[in-house]
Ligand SMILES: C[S@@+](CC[C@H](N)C(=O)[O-])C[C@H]1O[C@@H](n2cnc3c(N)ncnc32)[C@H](O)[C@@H]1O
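The data below hold one chain only, encoded as structure tokens and taken in the form predicted on its own.
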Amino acid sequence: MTDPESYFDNLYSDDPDPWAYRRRWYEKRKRDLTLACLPRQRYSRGFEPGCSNGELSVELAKRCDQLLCTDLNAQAVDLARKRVAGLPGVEVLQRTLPEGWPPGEFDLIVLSELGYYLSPQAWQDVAQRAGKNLTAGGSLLACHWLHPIEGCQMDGPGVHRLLAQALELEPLIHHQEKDFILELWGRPPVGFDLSEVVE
């Protein structure tokens, strides 16, 4: 995609909910599956880049002591801020990826409907940063549409293949349907011996 900023500016100027996150059963069900796949009830510090209008952010905030949400689009950031207003520990910032990847460690990273809007090299950079910034015992979840998107260099399967190659994490969940793929990777806690449970 040659100019993602203009693309998203046009989307949000026409509709504050361009993917119908609030209206479509498909989106609500996918959101519920995303949340159900998170293995821990609580996380200390979560990161959700590409948060859009904050529909998933609201639910992630209920599971995180602190949650950082980012999006490259100013209108999406404004919508997400309004959506999470009043929820403790949530911050929404305008940032681009991979340049705007935040410092510090996270025990939850959610990469949802994001990867195909970046170049393969930029997405590999994101994957490497995510792997480095995930704490011991942390979870990284990715969920993407499987069908080609006009103007994008990658589709969902390509996004997840690159993630799997770049992440030095343990694959924990693979869920695939006709329209989307959802995968979860994790880093074992310090002192955890995987061979003790996998024989």
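Numbers for residues come from their place in the sequence shown, where the first is 1. Since we're looking at a predicted model, the values are computed, not measured.
Another form, the form predicted in complex with the named molecule, is not on view; read the next lines as being about it.
Residues with any non-hydrogen atom within 4.5 angstroms of the named molecule in the predicted bound form fall in just one of 159-167, 38-46, 64-72, 129-137: 64-72. The closest heavy atom approach of V84 to the named molecule in the predicted bound form falls outside 4.5 Å. Heavy atoms of L56 reach within 4.5 Å of the named molecule in the predicted bound form, making it an interface residue. Not displayed here, the named molecule is kept clear of Q124 by more than 4.5 Å at the level of heavy atoms in the predicted bound form.
When the named molecule is considered in the predicted bound form, E113 lines it closely, a heavy atom lying within 4.5 Å.
Residues D71, L72, N73, A76, R95, T96, L97 are the ones in 65-103 with at least one heavy atom within 4.5 Å of the named molecule in the predicted bound form, listed in sequence order.
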